[in-house]
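Shown below, as structure tokens, is a lone chain in the form predicted alone; questions about how it binds or moves come after it.
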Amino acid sequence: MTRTSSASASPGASEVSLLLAIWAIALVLMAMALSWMAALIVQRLVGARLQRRRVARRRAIEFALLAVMQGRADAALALRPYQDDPRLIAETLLDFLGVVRGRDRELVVEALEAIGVPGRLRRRLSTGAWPGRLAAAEALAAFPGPETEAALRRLADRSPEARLTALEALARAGGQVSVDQLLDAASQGDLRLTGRFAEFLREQAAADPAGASLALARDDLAPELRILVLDALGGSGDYNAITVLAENARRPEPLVRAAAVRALGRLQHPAGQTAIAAGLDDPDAEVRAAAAEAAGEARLPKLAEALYGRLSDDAWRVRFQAAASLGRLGEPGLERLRTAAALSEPAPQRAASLTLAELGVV
């Protein structure tokens, strides 16, 4: 009997030991969870406190800058406590200068130069986290000069984002950033083909349309880059670009031809009529649609008959674009739309009828 009792007691002790181990593990996990939650709470409290302090310091800088604009003699002294926080000054300055112009802007820049802010911003380009470096680069555009240009060119050797930020700031600071330089960087993968890059390229092409036109003569230019330059020239307002745009309207790549005739339309000059007319007969539907759009945007009434012919195009986009452009040509276009609306052929009749209805014309 005694041996049987001992044998049955042994498993019970083992189960108790297992339960104790499970409880111990659970307690450890609970303690870890509580510690993690406590750390998160402390981190949030500290972060909120730092954010409040940063907001207060930023407001103090803004008030000091307003005092500078008001001509207070002690205003520059009020900025000194913040001169060792170039990122905060850069971020505040970027927002501030976005709404300040003329003499007020000059006063702000002079006050910041007096306490050595440009030098601190230049040093900030090579230290600290990237957001702070990029903010410093953008803010340096307010302090043009050889030292600023040299510092921004050094930053342009970094990541694609940093390169573009530095080049944008360099251009705003009066430094030279050519269209060719941007195209070289994009071709080599040093800059990404983003919307921001396209907008910057457009700005530089508008500032130097002759340089953009020369860039189109490059044989090594990828089609996507060529299209960006064509689009930029279309918005430049430079009629000297018509010849090079017309040349690109004959290139083998359909998307390039489409971009070229679209750019000619945006220039709105009669000299682009021949290339646009040729585009209306292009074998590619994308080019024909672009040419139809360009004819209306450039207000070329002599192309009304050619647009009328496109109302029967196999591609619906070409038909409706041709109809829309006829509606923009005044009476010559409206006359042809009325004619097409009376046809029994469904494709041109529908395109014309819808356009006339949108225009409220009978």
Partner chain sequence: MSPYILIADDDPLLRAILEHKLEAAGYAVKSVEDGRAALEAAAEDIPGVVVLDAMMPVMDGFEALRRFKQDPRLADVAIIMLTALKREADIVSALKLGAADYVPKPFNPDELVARLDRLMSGLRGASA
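Numbering follows the first chain given and starts at 1. It should be emphasised that the depicted structure is a prediction, and the values quoted were computed from it without experimental measurement.
Form predicted in complex with its partner chain: not shown, discussed below.
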Open item on the list: Using a 4.5 angstroms cut-off on non-hydrogen atoms, would Asp180 count as touching its partner chain in the model of the complex?
Closed with: no
Task: in the model of the complex, Phe96 touching its partner chain (heavy atom, 4.5 Å) - done: yes
- [ ] Considering only heavy atoms, tell me if Gly102 and its partner chain come within 4.5 Å of each other in the model of the complex.
- [x] yes
Open item on the list: Since only the chain is shown here, I'm wondering whether Ala60 would be in contact with its partner chain in the model of the complex (any heavy atom pair within 4.5 Å).
Closed with: no
Open item on the list: Partner absent here, but in the model of the complex, which of 274-282, 240-248, 102-110, 258-266 has residues with a heavy atom within 4.5 Å of its partner chain?
Closed with: 102-110
Task: Within 55-71, the residues that have a heavy atom no more than 4.5 Å from its partner chain in the model of the complex - done: Glu62, Leu66, Met69, Gln70
